[in-house]
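Presented below, as structure tokens, is a lone chain in the form predicted on its own.
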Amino acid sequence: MLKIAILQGDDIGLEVVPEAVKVMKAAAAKTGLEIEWIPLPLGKNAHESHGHTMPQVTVDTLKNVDGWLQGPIGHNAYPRDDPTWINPPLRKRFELFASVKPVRSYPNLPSVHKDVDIVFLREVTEGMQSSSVVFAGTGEFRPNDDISIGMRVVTRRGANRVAREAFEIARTRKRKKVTAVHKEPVFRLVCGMFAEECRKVALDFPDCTLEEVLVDGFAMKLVMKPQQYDVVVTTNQFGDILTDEGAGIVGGLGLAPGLCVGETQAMAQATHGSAPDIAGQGIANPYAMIMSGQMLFEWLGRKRSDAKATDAAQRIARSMDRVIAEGKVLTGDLGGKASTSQMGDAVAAGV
């Protein structure tokens, strides 16, 4: 039996996470996949009930689950300089080293490009983001008022494992192509190490192809002809920018699901924020959160060799495709008039 935790987060997280769970439960019921669902406090509600946005009970329980769904966190509205109000660092705490973000266009939805189907993998435990690269303290500092210094960390282990995850995903796709994005001619050591590890991992996947593209050229080509890419792997800062660019060419963050994966656990987490301006109105698009849950099933099926989880993931994907293709039960941002729960119901009914 799988153990999956539910962390609703803030604002529209309270609306879209239940829709993802609804769809996942429906798919699991159809395949006979047994799951223990474990609700846990996180965010503003957790602070009200436990005095902290990331209570210790949540951290302790997550240690023993297979994965979890995390709704968006409204940390921009949190009080500053109060250690009980934090943006929960679950990726860092549980060594979820790769952020996996698919970018896909749909024929009947507005987008800059059609026929786009890319999976981005971004290493998220090192690189430029200061909170991710150090155990304590910060990765940037200002020795005087005229100088600011930040560090970038790339390790062989970090580069190797995100590259391996990329090739494992590529192996499940038709094109079986991995594009490693870096800037090795300029950053000879840090980008050089990342590129070296990608090449090493590629040797273990002779059925896949590897190409290397410099990050500035890739950013241009992604805008001009994204159809040429299949699976893309890169470092933290580059990936942070490129994944949002990718989402932009297919319709925005409402169509941007995500999964943060570790060695043994994964967290389904949509790319979009908590959208407090529309919270409570029942109009939030549940697509990204539902498909993040679908990715969790897909990952668990691959990592656990669980055919039922894989089947559940495929059922959700097919149902979502039908709902979007029919165009009858979509939220306003997708051109429809349906509520959040109505769209969730439609996907759940079709699994």
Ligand code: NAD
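Residue indices: 1-based, along the sequence shown. Since we're looking at a predicted model, the values are computed, not measured.
Omitted from view is the form predicted together with the ligand, to which the following refers.
Peer 1: Pick from N87, Q228, S148, N108: which has a non-hydrogen atom within 4.5 Å of the ligand in the predicted bound form?
Peer 2: Filtering the options by heavy-atom distance leaves N87.
Peer 1: Since exactly one of V134, A77, V112, M224 fits, which has a heavy atom within 4.5 Å of the ligand in the predicted bound form?
Peer 2: Contact with the ligand in the predicted bound form is made by A77 alone.
Peer 1: Which of these stretches, 294-302, 26-34, 48-56, 281-289, has heavy atoms within 4.5 Å of the ligand in the predicted bound form?
Peer 2: Every other range fails; the passing one is 281-289.
Peer 1: Is L121 a contact residue for the ligand in the predicted bound form, using a 4.5 Å heavy atom cut-off?
Peer 2: The answer is no: L121 has no heavy atom within 4.5 Å of the ligand.
Peer 1: I'd like to know whether L242 contacts the ligand in the predicted bound form, with contact meaning heavy atoms within 4.5 angstroms.
Peer 2: L242: no contact with the ligand in the predicted bound form.
Peer 1: Look up in the predicted bound form whether Q129 has a non-hydrogen atom within 4.5 angstroms of the ligand, and give yes or no.
Peer 2: No - in the predicted bound form, heavy atoms of Q129 and the ligand never come within 4.5 Å of each other.
Peer 1: Could you tell me if V178 has a non-hydrogen atom within 4.5 Å of the ligand in the predicted bound form?
Peer 2: Answer no; every heavy atom of V178 is more than 4.5 Å from the ligand in the predicted bound form.
Peer 1: Give a yes or no on whether each residue among R164, E168 and L210 has a heavy atom within 4.5 Å of the ligand in the predicted bound form.
Peer 2: Contact check failed for every one of R164, E168 and L210.
Peer 1: Check each residue of 262-286 against the ligand in the predicted bound form and list those with a heavy atom within 4.5 Å, in sequence order.
Peer 2: Sequence-ordered list: Q269, A270, T271, H272, G273, S274, A275, P276, D277, I278, A284, N285.
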